[in-house]
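First comes one chain, alone, set out as structure tokens in the form predicted alone.
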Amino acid sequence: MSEGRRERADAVRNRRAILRATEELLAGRRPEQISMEQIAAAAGVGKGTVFHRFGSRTGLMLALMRERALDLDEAVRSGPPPLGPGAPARERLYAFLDAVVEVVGRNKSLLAELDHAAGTAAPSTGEAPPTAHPVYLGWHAHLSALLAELRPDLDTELVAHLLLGSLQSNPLLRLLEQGEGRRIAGTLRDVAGALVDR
């Protein structure tokens, strides 16, 4: 095996180990209770390796969120209907809202950490706002497209922001912590349905 190939294999292995260690630590603690040193130790790598791979604590948390959202993205692109292609737009819209609520419910503390990190970043740092996170952008684009298919005259970009943004609010995050995901998903369906039926 060449030196370059071995280095790439090591980098892939290190990345997986860091993400797995972060996920395991998050199973028992909130993100703000976990240090980069703890993550590095749990992954069996140096702290410098964690920073080299992910750039910052926010970069690491965002990478983990991307990993967790990958299944939903894959289901939207090529999974079975109604979440995947082949179902009517209304069914896909409802299935997608249900799925987003489920992902947010499972990852609320991680999303809150990302939102907090982006919200407190100084403008001079160049860090993007929460709505610029690739996970959010992908969800927003898909939701906007479904809404536009059902109501082309609607300001679908804004409606998609309102629907997704509500899931970042403290009252809804508290409801998710209390196990009210089904109630939230049902109400989002009602709101979206009322808008597209108007």
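Everything numeric in this text was worked out from a predicted model, so none of it was measured. Residue positions are given as counts along the sequence shown, with the first one as 1.
Heads up, the form predicted in complex with the DNA isn't pictured, but that's what we're talking about next.
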| query | finding |
| --- | --- |
| Contact of residue 53 with the DNA in the predicted complex (heavy atom, 4.5 Å) | yes |
| Proximity of residue 142 to the DNA in the predicted complex, heavy atoms at 4.5 Å | no |
| Residue contact check: residue 14 to the DNA in the predicted complex, 4.5 Å heavy atom | yes |
| In the predicted complex, residue 35 touching the DNA (heavy atom, 4.5 Å) | yes |
| Stretch in contact in the predicted complex with the DNA, which is absent here, among 43-51, 66-74, 169-177, 148-156 (heavy atoms within 4.5 Å) | 43-51 |
